[in-house]
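In structure tokens, one chain follows: the form predicted alone.
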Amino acid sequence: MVDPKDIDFYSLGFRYLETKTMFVSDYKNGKWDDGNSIPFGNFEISPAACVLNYGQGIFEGMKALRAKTGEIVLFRPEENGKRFNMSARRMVMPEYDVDKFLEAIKKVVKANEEYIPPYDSGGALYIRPLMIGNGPIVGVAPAEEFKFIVFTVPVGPYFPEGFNGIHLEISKKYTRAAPGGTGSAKTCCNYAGTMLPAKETKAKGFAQILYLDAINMEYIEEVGTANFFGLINGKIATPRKTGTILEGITRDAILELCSKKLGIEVEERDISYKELFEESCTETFCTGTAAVITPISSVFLEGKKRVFNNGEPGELTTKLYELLNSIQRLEIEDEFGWIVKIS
């Protein structure tokens, strides 16, 4: 365990730091136990565990923030619980009651409260709920025993660039997911395959890969681990849900903010990468729990580069970033009912 007194909360990156307490619940004989908060630490697992052999594991990413008022808040945590169960169904895993999911989240955050970065640091307490098939299995089949775990890590910005724009490489070599697969499930299987593309593109100086669809290699899917948005012909456009992209919770919030708060028309549709190289596309950014809202300064493909807004965050991107952060930090009224306070 890292002593919170030894942490520089104003210089945090997005890396692992051990905190004090985690929550663990076990599924055996067809039901979940009540679960317990225990000291953060290792646990035993069989070498034949399904998660080790066949990747039967899912997770979520959430954040606890210190609001301007000093209160601790969560952003749309019920949606994470619902998506967690959607992933569980796809991976043939038992669902975890959403109310109990929220109770476990709150319990772990409260127990690790001293690790929440100060309001003015821009950091957060990252929350990682996960479920693994820890029951032993040899044939390709679902486990019969599962473990639900919640742990936390104090973090700063996911991209070191912060709210400064990032540079992306469009890939025609790698794809993230294919129709009929597990692209919309937040399963560990989806992420291992993205490590090599990310490593290769970062070696060239890019922040991440911009993935295209697996069939046509033309339509935008995701930015590594975040959802993509573009301001095209004055409308905010994002890839439609086809089962191959993660159904982002921040993504949905941005669509609501644009349509209900800013009066901007939104489109969920196929977006050709070719549109990014046209003048009609004036801003691009990506969203996610970890990334929040990150401007995209440029995209690159096969020697061709498009720079947006002279490399600076666009006006709409900046407005959305400030608006979302103000809601999350209780600086303005949460008229959408997104914020849950932890007493």
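Position 1 is the first residue in the sequence shown; the rest follow in order. Computed from a prediction, not measured in an experiment: that's the story for all the values here.
Although it is not shown, the form predicted in complex with pyridoxal-5'-phosphate is what the next lines describe.
Q: Heavy atom to heavy atom, is residue 53 within 4.5 Å of pyridoxal-5'-phosphate in the predicted bound form?
A: So residue 53 does not count as contacting pyridoxal-5'-phosphate.
Q: Even though the partner isn't displayed, in the predicted bound form is residue 249 close enough to pyridoxal-5'-phosphate, meaning a heavy atom within 4.5 Å?
A: Residue 249: yes, in contact with pyridoxal-5'-phosphate in the predicted bound form.
Q: Is there any non-hydrogen atom of residue 227 lying within 4.5 Å of pyridoxal-5'-phosphate in the predicted bound form?
A: Residue 227 belongs to the contact set for pyridoxal-5'-phosphate.
Q: Test of understanding: in the predicted bound form, would residue 288 fall inside 4.5 Å of pyridoxal-5'-phosphate by heavy atoms?
A: Taking the distances in the predicted bound form, the answer for residue 288 is yes, it comes within 4.5 Å of pyridoxal-5'-phosphate.
Q: For the chain seen here without its partner, which of 288-296, 303-311, 274-282, 33-41 has a heavy atom within 4.5 Å of pyridoxal-5'-phosphate in the predicted bound form?
A: Heavy-atom contact with the partner occurs in 288-296.
Q: Can you pick the one in 83, 106, 147, 90 that has a heavy atom within 4.5 Å of pyridoxal-5'-phosphate in the predicted bound form?
A: Comparing distances to pyridoxal-5'-phosphate in the predicted bound form, the residue within 4.5 Å is 83.
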